[in-house]
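Presented as C-alpha cells, the chain that follows is alone, the form predicted alone.
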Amino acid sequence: MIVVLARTADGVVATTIDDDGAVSDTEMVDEVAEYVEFREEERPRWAWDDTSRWYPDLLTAGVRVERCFDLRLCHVILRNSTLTATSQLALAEPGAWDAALRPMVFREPDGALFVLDGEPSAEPMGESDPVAELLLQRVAVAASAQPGRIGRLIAAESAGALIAAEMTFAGLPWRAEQHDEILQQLLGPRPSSGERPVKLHAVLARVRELLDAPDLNPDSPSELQKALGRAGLIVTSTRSWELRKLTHPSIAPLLEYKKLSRLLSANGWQWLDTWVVDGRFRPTYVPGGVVTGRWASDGGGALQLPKQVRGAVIADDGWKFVVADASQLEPRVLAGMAADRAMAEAGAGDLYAGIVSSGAVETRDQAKVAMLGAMYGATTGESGRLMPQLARQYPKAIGMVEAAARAGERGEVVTTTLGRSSPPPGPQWREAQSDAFGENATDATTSRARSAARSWGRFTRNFIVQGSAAEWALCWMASLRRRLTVLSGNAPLGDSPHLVFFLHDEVVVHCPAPLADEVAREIRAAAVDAGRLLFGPLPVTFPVTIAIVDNYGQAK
C-alpha cells in the first residue's frame, strides 16, 4: 500500500493506492503529522514530491516514517536509466519534474573537478501531480527488463532522503568551546573582522620572505603563480597537490599557509557562529547531489570536515559515537560488479594484501596504486606499469572498467549495478568529435577530440564503480536505520541510537553507551545485508572497521 501526500490550493490531500495500482481512497488532511502517525501503524510506503519538503515538519512533531518514495529523486533515476529508457516517463518531453537542479560535477582523485557540459536549471519544480507521477514511475519500473534491480535503487535512494532529513534534525553533537580552543591552538586568538590570525600571519610573513614578495597575497592564484615564477618555479596551477611536487624552501610554509587558511575559511569562527547552534551541527545533506549518486551538502561543508576540528565532535554525557568505515569499498564493489571470484577471494581479508598474495604485484603499496589506476584510468607512471599484471590476474574486473572507458570514449552511456546511468556527453564534446573528422580537421582538432574522449572515458570508467559503491552505501545505511529502529523498540529519535553523520563509506552513530557494542554488531550485519542486496551469493565481503569513542577525533 502506498499513501501519496500532495499539497493543493485547498490543503493537503492523501491518496491511498493499493498494491495493484488502483486508487482506493482520497481524503483531505487537516493535521498532517497526526494523520501520518495514525496511518504509519499500517506500514504504508509514503510518496511525496520531495522528502526535504515534508519530513522535517513531521520530525519536529515527533513523527518518524519507516519508508517512502521520494518522487523527485526517483524521477531523475528513471528518466535517465538505460533500464527504463523506453518508458513513457523517459520518453516524455521535459516537464515540472525535470526542473530541479541536476548533478553537474565529478571529482577526480587528484582533487580536480570534472565539470559536465550543460547548465542546471534554477527553476523550482513547480506545480505537479504526485499521484500521476507515481503511477508513471510504477509502470516504468514494472516494464523494465530488471524491475527488481531498478526497484531496489529507487527504494534505497528514497531511504537515503529519510536518513538525510533525520541526520539534519538530530544534528551532530558539537562543542563550540572545544572548537574555539582548537582554532586558537592552530591559528591564535580570534582576530578582529577582516584580519588574519597571528599564527597565519606569521606563516605568511615567512612565505613572503622566502619568495622575496613582501606584498604577496597568497589567496590570489595569479599573484602566487607570478611570485613562484620569479623564484624559478613554473607551475600550471597553485593547487596544493601540484605545489607538493616542487622543491624550494618556500613550499613547506606555503602549504602550511594554505592548510591553515582553508581551516579558517571553511571551519573557522564564522563557520562556528553560523552552523553550530545549541550544541549541534545541522548541515543540509543533498542525497544524489553528485552525478554518480554520491551525496553532497548544501551549506556547512558536512562532507569535508577536516581532521583538525573533529575533536570538537563530542558525544553527549552517557553516550558514545560508534564510527564505522567500510574498508577498500570501491575495489570490493568492482569485484562484485564483475563477478570476479579471484578478486573477491583476494578480499577475504585485506584486499591489497590478498592481491600481493595472488602474485599480481609485489607490495601492498603497488596493489593500492594499481587498483586506483584501474578505477580512475591512470595509464602512466607506476599505476600504468602495473596495470597489465593486474589485468592478467583479474581479467573480469579490469575488463569491466576498461569496457566502461571505451564506451565513454565512444560517447555511450554506462550503468551502475542497480541501474543509475551516466549522462551522455554534451554538445561541446560532440562538436569536438565532429571537428576531428570533418573536412577542415587539423592535428589540433584531432588531438583535442582524443583528449576529450579519453577524459570522458575516465569519467565513465569510474562512474560505474563510484556509483555502485554509492548504492552499496545507501543499502548499508537503509539496513542500519531499520536495525537501529528495531534495537531501540521504536523509541524517539533523540532517545535511541541514530545516525548523525555519513561520508561516502563511513557512518557515525550516536548511541547510549550501554548499547555501543550492540550497535557495532548491527553495523556489521547491515554491511552484509548491503552486499547481498547488490551481489547476491557472490563471495564478496565488506569488512567494517569500527571505533567506539567519546569524540570523533579519536576514531582516526
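Whichever C-alpha set is largest while still superposing within 1.5 Å between the two forms counts as the rigid core. As the structure is a prediction and not an experimental result, all values here were calculated from the model. Just count from 1 along the sequence shown to find any residue number.
Omitted here: the form predicted in complex with the DNA. The next part is about that form.
The DNA is not shown here, but in the model of the complex it comes within 4.5 Å of a heavy atom of K556. Taking the partner from elsewhere, G419 is found to have every heavy atom lying beyond 4.5 Å of the DNA in the model of the complex. Although the partner is absent here, N462 is a contact residue: one of its heavy atoms lies within 4.5 angstroms of the DNA in the model of the complex. Contact check for W241: a heavy atom falls within 4.5 Å of the DNA in the model of the complex. Contact with the DNA in the model of the complex, defined as any heavy atom within 4.5 Å, is confined among 180 to 188, 289 to 297, 158 to 166, 129 to 137 to 289 to 297.
Within 4.5 Å of the DNA in the model of the complex, a heavy atom is found for all three of P306, L372 and E506. Just one of S447, Q428, S434, S220 comes within 4.5 Å of the DNA in the model of the complex, counting any heavy atom, and that one is S220.
Of the listed positions (R392, R406, R262, R341), a single one reaches within 4.5 angstroms of the DNA by any non-hydrogen atom in the model of the complex, namely R262. Residues V369, L372, G373, Y376, G377, A378, T380, S383 are the members of 356 to 385 with a non-hydrogen atom no more than 4.5 angstroms from the DNA in the model of the complex.
Once you line up the core between this form and the one not shown, the Cα of T380 stays within less than 2 Å of where it was.
Annotation for A444: C-alpha shift under 2 angstroms between this form and the one not shown, rigid core superposed.
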